[in-house]
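One chain comes next, on its own, written out as structure tokens in the form predicted alone.
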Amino acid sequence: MVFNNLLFLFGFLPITWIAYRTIKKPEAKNIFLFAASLLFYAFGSWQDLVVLVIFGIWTFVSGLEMEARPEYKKQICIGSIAFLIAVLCFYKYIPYWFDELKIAFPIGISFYTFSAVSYLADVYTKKTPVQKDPVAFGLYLAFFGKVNMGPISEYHQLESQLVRRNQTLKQCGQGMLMFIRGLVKKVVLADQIAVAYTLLGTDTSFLGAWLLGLAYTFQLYFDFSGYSDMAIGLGKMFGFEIPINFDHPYIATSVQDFWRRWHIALSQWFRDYVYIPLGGNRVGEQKYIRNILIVWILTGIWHGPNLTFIVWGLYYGLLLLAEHYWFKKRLDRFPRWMRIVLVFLIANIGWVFFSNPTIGQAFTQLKNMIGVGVSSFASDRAIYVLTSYGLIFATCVLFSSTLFSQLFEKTIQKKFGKQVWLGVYLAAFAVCVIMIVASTSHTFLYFAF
């Protein structure tokens, strides 16, 4: 089951929320929400549910074993994490190398594996105590709001919310509005720009290559940030405070700033569980360079087995090092708007590697973007996409910045009141439903990761 599905919107979600609000005892609330989350995940595949349950039991028991056998705590932690990573690699990479195996990829396994590793690492380092309530732990791993695509909430961030949560109507209202905002990002923006991306897939003109890159840049952002907003909104509706995952990354003024704003949960996970344990920046120059490259190569590998993902990770690792040692002071001399444009172009080039299945195809697109090997300056298809989807591209630019929130929240809401602001959201939700009924909505891109 997915969030942009009528069964979820008008069946699962309202029934679950109403039933959850009706239940009074916190323990019963947790049991119900955990059961509902397993049912939600089982809609995708019962086989996937088996993998999730095995991961949950393994991780929960490993935490108890670390407490019961402190003399073997390190070995248990390393062995347990190694098992989780090995299973993840089996599902994620073996089918890529051996096509004949036909192994189905469990949705969300990359995300809940990292959540499980976070729990084991937090228990090992005594950042949090061992969770002895299997339902509370199961809810951390399997809550339907984040099990499919995160955000990857570190265990210590949610530990205090797992047993008892304060759920206010104001918090629920905020969650609903955030969910609608994410749905608009996905259905109205990401899915429509995806049509332009599909139309330009074989275009070899200069304009077509740039529009193709821009289409994917915006599709990926609104697809994944839309899902994250929906997940965070759902969390609020059920009393969870899940940390923000995107903060307008396309107005970043440096590469480092971009990664403070894009997929924040993943960046923080690698910082807390790989970069800092390796020594972070509190080591010599050579080890610092090593740490950055290890983190970014692993970040690329986490996304998939394609060589393009490794190149993408290395691309950002080298850029961050170059910025740290050479470019940062020079960048600061440029006007803010110029730095934003430069970082946006850097991100756009990076997504070329991310979106193409092979290195050869990625470099072909990059060559076309600088005018090498192009069929023409602008093909008929590229001109059609520019004229037909120009408004969507412009809207994506607007929504990528803070201009929209400033315009509505500080102008319309302030002048006309919250009722008009609420009406805007309800109208947007109605538009999304119409588009879903018309079958113009697509699956989420990050399901593949």
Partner chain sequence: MKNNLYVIIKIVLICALLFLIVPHFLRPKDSSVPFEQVVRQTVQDMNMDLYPQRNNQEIKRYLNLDPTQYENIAFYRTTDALNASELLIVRFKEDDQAQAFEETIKKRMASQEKIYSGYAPEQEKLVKEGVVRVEANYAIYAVGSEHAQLLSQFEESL
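Numbering follows the first chain given and starts at 1. All figures in this text were calculated on a predicted structure; none of them were measured in a lab.
Below: the form predicted in complex with its partner chain, not depicted.
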If we test each of 110, 80, 356, 148 for a heavy atom within 4.5 Å of its partner chain in the predicted complex, the one that passes is 80
With the partner omitted here, the residue among 37, 30, 395, 62 that in the predicted complex has a heavy atom within 4.5 Å of its partner chain is 62
query: Closest heavy atom of residue 424 to its partner chain in the predicted complex, within 4.5 Å or not?
result: no
query: Is there a heavy atom of residue 338 lying 4.5 Å or less from a heavy atom of its partner chain in the predicted complex?
result: no
Using 4.5 Å between non-hydrogen atoms, is residue 370 touching its partner chain in the predicted complex?
no
ask   = So, in the predicted complex, is residue 316 in contact with its partner chain at a 4.5 angstroms heavy atom limit?
value = no
Of the candidate stretches 204 to 212, 254 to 262, 68 to 76, 150 to 158, the one with residues having heavy atoms within 4.5 Å of its partner chain in the predicted complex is 68 to 76
Of the residues spanning 131 to 145, the ones with some heavy atom within 4.5 Å of its partner chain in the predicted complex are none
